[in-house]
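A lone chain, given as structure tokens: the form predicted on its own.
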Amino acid sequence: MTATHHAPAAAESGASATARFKSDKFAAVADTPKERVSLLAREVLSAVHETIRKHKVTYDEYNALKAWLIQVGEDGEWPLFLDVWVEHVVEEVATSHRKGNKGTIEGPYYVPGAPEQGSRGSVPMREGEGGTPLVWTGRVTSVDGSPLKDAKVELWHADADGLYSQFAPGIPEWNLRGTFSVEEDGSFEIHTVRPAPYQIPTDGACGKLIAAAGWHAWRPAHLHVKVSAPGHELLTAQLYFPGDEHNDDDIASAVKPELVLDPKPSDGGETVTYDFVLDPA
């Protein structure tokens, strides 16, 4: 698996994220009562109205907002905008009842159907893939401690340039994306490479907001995972690395202390142990 690539423009990655996101999201809320829709829509609009009144928003500022919102759509950056600045609160509310592992946001770069790699294997990667080799071992259990032998661990992450396969040109389709099963005792072993921190795309509408507000665009290095098992709630999480300068000011506000790994040096690379405890559905 070899290929060359360049950093994608916001419009390239945004269009891909938007196309994937729109495909299957409305069916789950098709039966939402009109009263619920009205309640949420009115309260969001009321919050906007209150901000306008409180800060005496001018027509020039209002028109700039309209133009910016149009550009967000044209750049395909609604998934990026919502996942970076809104999703962490939705995740917090949706999983507050859980007794098992903490989760965090999915982000805009998940793709279902990553190749199966068994319970002890490597994610697909290019020859000479950049990044420190990383061996991750762990177990998947239920909250009562019983192993979940039918569990699946989906892993995906950026490469050493901060780019994701299927969202940046020139990268093999399933690069650094894999699905792993577990042993009878719930254990697994995954071989990958340590990803790099990266900036979210800054040449589109989201980048304009970041620049205008004087924010930074950095996300700390992280591994994305989805862990599932029959009869249990799906866990979506990101795992982080200690010492990253943006763990404390992640642009997506997604870092939690429980999600920071403790890697150890080993044979030219690193090893890490991190287990998952899933809540019954």
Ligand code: MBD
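Treat the numbers as computed from the prediction; the structure is a model and nothing was measured. Numbers for residues come from their place in the sequence shown, where the first is 1.
The same protein has a further form, the form predicted together with the named molecule, not shown here; the description that follows concerns it.
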4.5 Å heavy atom contact, Ile105 to the named molecule in the predicted complex: yes
Leu239, heavy atom within 4.5 angstroms of the named molecule in the predicted complex: no
Touches the named molecule in the predicted complex: Cys206 (any heavy atom, 4.5 Å): no
In the predicted complex, Tyr164 touching the named molecule (heavy atom, 4.5 Å): yes
Leu80, Tyr109 and Ala252 each touching the named molecule in the predicted complex (heavy atom, 4.5 Å): yes
Candidate stretches 165 to 173, 196 to 204, 147 to 155, 112 to 120 - the one whose heavy atoms come within 4.5 Å of the named molecule in the predicted complex: 196 to 204
Sequence-ordered residues of 208 to 226 touching the named molecule in the predicted complex, heavy atom within 4.5 Å: Arg219, His222, His224
